Structure formats: C-alpha cells, structure tokens
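Only one chain is given next, in structure tokens, and it is the form predicted on its own.
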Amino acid sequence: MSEYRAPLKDMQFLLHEVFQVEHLWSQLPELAELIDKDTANAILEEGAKLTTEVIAPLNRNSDEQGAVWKNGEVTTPDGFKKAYQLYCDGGWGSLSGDADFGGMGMPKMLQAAFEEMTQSASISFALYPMLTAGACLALAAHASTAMKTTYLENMYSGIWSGTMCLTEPHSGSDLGIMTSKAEENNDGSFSVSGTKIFITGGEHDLTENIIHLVLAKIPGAPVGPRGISMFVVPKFLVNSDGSLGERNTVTCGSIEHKMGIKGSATSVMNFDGAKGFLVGEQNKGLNYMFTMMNYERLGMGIQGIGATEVSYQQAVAYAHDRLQGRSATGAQNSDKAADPLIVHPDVRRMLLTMRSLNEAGRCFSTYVAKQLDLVKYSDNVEEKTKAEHLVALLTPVAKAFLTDMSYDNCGLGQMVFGGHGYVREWGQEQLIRDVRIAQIYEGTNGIQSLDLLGRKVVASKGQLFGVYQKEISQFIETHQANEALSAFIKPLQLSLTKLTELTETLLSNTQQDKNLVGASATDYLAVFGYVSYAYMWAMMAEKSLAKTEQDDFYQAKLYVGQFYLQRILPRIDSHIQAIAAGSEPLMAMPADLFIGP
C-alpha cells in the first residue's frame, strides 16, 4: 500500500493560477493584511506534513480497532489522542475561526485545501475537528457575545469539541416532526430532553468538554420546522470564571456499529432534562443550523475528494508496478515476463476517469469555497449578492455530485487492483466503506438533488440558475476567439446549451406534472455536475496552455481535461434522455406491486 502524498502542486495551481487568490484577497479588507502567497503556501506545506506523517499512519488501525463504547464512555483508537493534541497545538482547529475569539480568520479557500488533506489521511479522525468547526460556525454567526466568549476560544484551541444534534430515531431529514423539547427554567436556562442519533463525536476521550448544539422545541412553539430552536448543551457545565463545573445530564447510550468510519464515534445521545442555553432567538434554530450546513455540505464533497485522491494515488502506483499481460502494440518490457498494467487501455480508462473527476472536483470545491469567502468578507453589495446566489445554488451540487463521483472512483481504484483490491492489506476496500457515508449524511444525495431542482431552480423560477449560466456564458464569450482553447470551449458551450434547454423545459412542465421534480432531480443534478466540471476544466486549461513547455504538470492537465470532455462529459445525454421520459415510468406501477413474492 503506497503512502499518501498531499497534492500540493495541484492545490497551489488552483489557488494562485486559476483563482488568483492574491488579487482576490487584496480586494477583501479583512484578508488583505492577513494572508499572502508565501503564508498560504507555508500553511499548506505544514498541513501536508501533519496529515501525511502523523494522521495518515493511524488510518488502518482506526478501522481495525474502531471507537469503543463502555458504560457511557468512548475510547478513540490508539494514537488519536496524541495526533489530536498535535493537531490542536498547531492551531489547525482555529485556522478559519473568528479572530475576535481566538481564531486565525483564514479564508475558506485555504481551509478547504487543508480539509482535503485531513480527509485523505483519515476520514474517521477528520470528523472530530470537522464537527467542532461546524458548531463554531453556528455560534460565531448567531450566539451572543457572552456565549461566544464562553465557548469559542476553547473550541478553536481544541480544549473543547463540538457536535450538531439534529436527527432523532423517528425523524431523519424531516426535522419538523422532532420531539425533543426544551422547557424554560427560572434562571433563563432551559431543561432539554430527548434522544438524538447519528451524532458524530457525541462522546469521546479527545477533549475535556463537549459542547452539543441541540435542536429542540419550546412548548407552544409553531408546528413543524418553524418551531425549532437551537441550544448549547455542554457535557460539563461551565462556571462563571470559565472553569468546568458539574456533569450535565447528557449521556451517550451507545455508538453505532457501522460499515465504515469505525474510528469515528457515531453516538446515541440522551438528554434528560439537561441544562441548555438558547442560541439567538426562539424558533430560529433551523435557520441557524443552515448557516453551517453550507460549509458542512461542501465539507462532505471535500471528504469525497480526499478519499478518492488516496484511491487514485494507490491505484496508479500499483498500475506502474504490477506486471500483467502484454501491450496490444507489442511488448513494452521485453526483458521481463510481462508489461505493467499502465499499458492497457482499460486500466488507463479507469485511472483517467478517476483523475479527471478528482481534479475537476478539487477545482469545483475551491470555486464554491471562493463564493463562501465573498459572502463572508466582501463589502461590494453586487459581488456579495451574486456569491450568495451561487452558494445557494451550488451547495447541493458540491455535496452530492462530488460524493457520487468519489464513491464511483474508489470502486474504479479497487478494480485497478483486481483481486488485491478486495483484500484488506491494500486499503482500497476500506476507502469504499469509509467514503460511502458521504453520500448519506448531511442530507442524502437524493435530498440534495431535490433541493437543487425543486428549491433552488424551480422555486426561484430559474433566477439562481441564470446567475451561474451567465457567468459561464461570459467565460465562453471572453475566450471564444482563442483557437488554442477551442477544444475546451466548444464542448463547454454545447453542454451548457443542453443544460439551459433542459432547465427551461423542466421549468415549463413542473406545473403540469407534480411528480416531475422528484422524478428528474437526480438526473438533473448529474447533468449540472458534469457541465460544471467542464467549466472547471476550461478554466484550468486556459491557465495551462501557455506553460506546457515549462512543466509536464501543465501538459498533463490538458491531456486529462481532453479525456474528460471526450469520454466523461457525453454522459449528460443519457441523463437528459431519462428526464425526457417524464414521471410516468416511475409512478405508473401501483404501490402494492412493489411487494415481492
């Protein structure tokens, strides 16, 4: 099994050449004096050392040993505590945190690159600081100054960790039917009661306190999701001087036995009149939770890229080393019994598919992170508004399409190994098991598809889509006369036209067919994703064309991009044809005929 190597050169290419972050950051007042090219590169290089040398070596054992629950306490796998301490000592938990409360205030574009490295190294490990970062985002955006002062610095430093407690045994994605309740006490606190499931890092031994963000309903609140409030419920109550007080009445009833990410404690949490503190206003909890959801759902996409990057690195190393058969054009290694796998077209198909989707996915996640930075830091109203629209539109794509492609890619990585890919020691089967969850949690990919088509495209009557379509069209127009780039521009233009026509057709037909959105959503998101990747490849190609003689890195970009446009992008036609069939093939069969013999 080959060792993980952080793809620093590709990350730096995206930041400094494709997105030209030095210019971008110089236009954003809060970042102009904070970050420059050298600082960004130094952060990435140090992040690469931590993830490759400290965290990645723990990944295999984290799967073998797993997190262990006993009498309400959870022990993380061997090495996690030491690695977590090094992670915290390096300030990585505070990288993009609020500078007024102990964070470094770095941009999400930089944070996203480091997140990918951490996810590549070990998804199980990465989930602990990831959930803390999400909880910090919600508190930084919506908590009072006093609450921020109480919790954020210790959470950024890693002394305390955080969770998000949404799901209940009877309510998964339908949060409106949750039954957890919060009754107000005489001192302004609330008594929170209920059971939450699938709580990542709900209990563990990495930190001295765990700060739970819990969604619950106050008696008399409006019915449904409009009546949900958010509460801080610490494992240990915090005294007025900041020291830890008595243990709160929140306990871990068990942890799940899962297909993958076994080193991550996925907990059942019981709140038995636990003391909690209202975040912001009553009945605004779901809105507050969605503040971090945009970041967390992008994080799921990044998690997928992290896994499939490792899968590709291992597969391509194996394809160069493993001798099997002869090239169709004649022996390439005449002095050996066989040629390496890399000579075979079908092996190249798998590797190029993986690489073309990986690199486009990394570019897309960086692009979405850019929009999040503009929303957060820009003081230009028009620029900020456009970025808000793009974040709303593209977040479900970042979550669903990136993770769908990543799961498929890890399967291809396994196939390159053949039988050895099915064997534990090579690591490919663990990657498949670990990355599968990324398609499920933070809202299943089917729900993301419904969000994209139903809530973002149809509900806005195409206005959000129009913002994105206009940007891509302007890029095409700007580079239309560049003959050297035409191999990228023409397929992009054609595919964008198909996506636009598909969108217009769906907008005009959804009123007549109420099932059309649900029947079309998954295929629509796939078309949207493939066209978005074509846009990413056109941007990367435009920056690579002039430098092919300087470095093979840029020549490889063009080869891989051409493969994507010629062999992957045509997939959109099958999805468009499926949508054209309408909802009838899905809805015609009576429900009782679904029951088997």
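The first residue of the shown sequence is 1; numbering continues from there. No experiment lies behind these values; they were computed from the predicted model shown.
Only in words, not in the display: the form predicted together with another copy of the chain, which the text now covers.
- In summary, the region of this chain contacting another copy of the chain in the model of the complex, judged by heavy atoms within 4.5 Å and restricted to 144 to 152, 70 to 78, 311 to 319, 230 to 238, corresponds to 311 to 319.
- The three marked residues, L86, L110 and S508, fail to reach another copy of the chain in the model of the complex, with no heavy atom of any inside 4.5 Å.
- Here is the short version: of Q414, S356, N294, T366, the single residue with a heavy atom within 4.5 Å of another copy of the chain in the model of the complex is Q414.
- A heavy atom within 4.5 Å of another copy of the chain in the model of the complex is found for exactly one of P225, G518, G280, G105: G518.
- In the model of the complex, none of the heavy atoms of H23 sits within 4.5 Å of a heavy atom of another copy of the chain.
- The closest heavy atom approach of D451 to another copy of the chain in the model of the complex falls outside 4.5 Å.
- Although the partner is absent from this view, V467 stays clear of another copy of the chain in the model of the complex, with no non-hydrogen atom inside 4.5 angstroms.
- Heavy atoms of A481 never reach within 4.5 Å of another copy of the chain in the model of the complex, leaving it off the interface.
- Of all the residues from 111 to 134, none has a non-hydrogen atom no more than 4.5 Å from another copy of the chain in the model of the complex.
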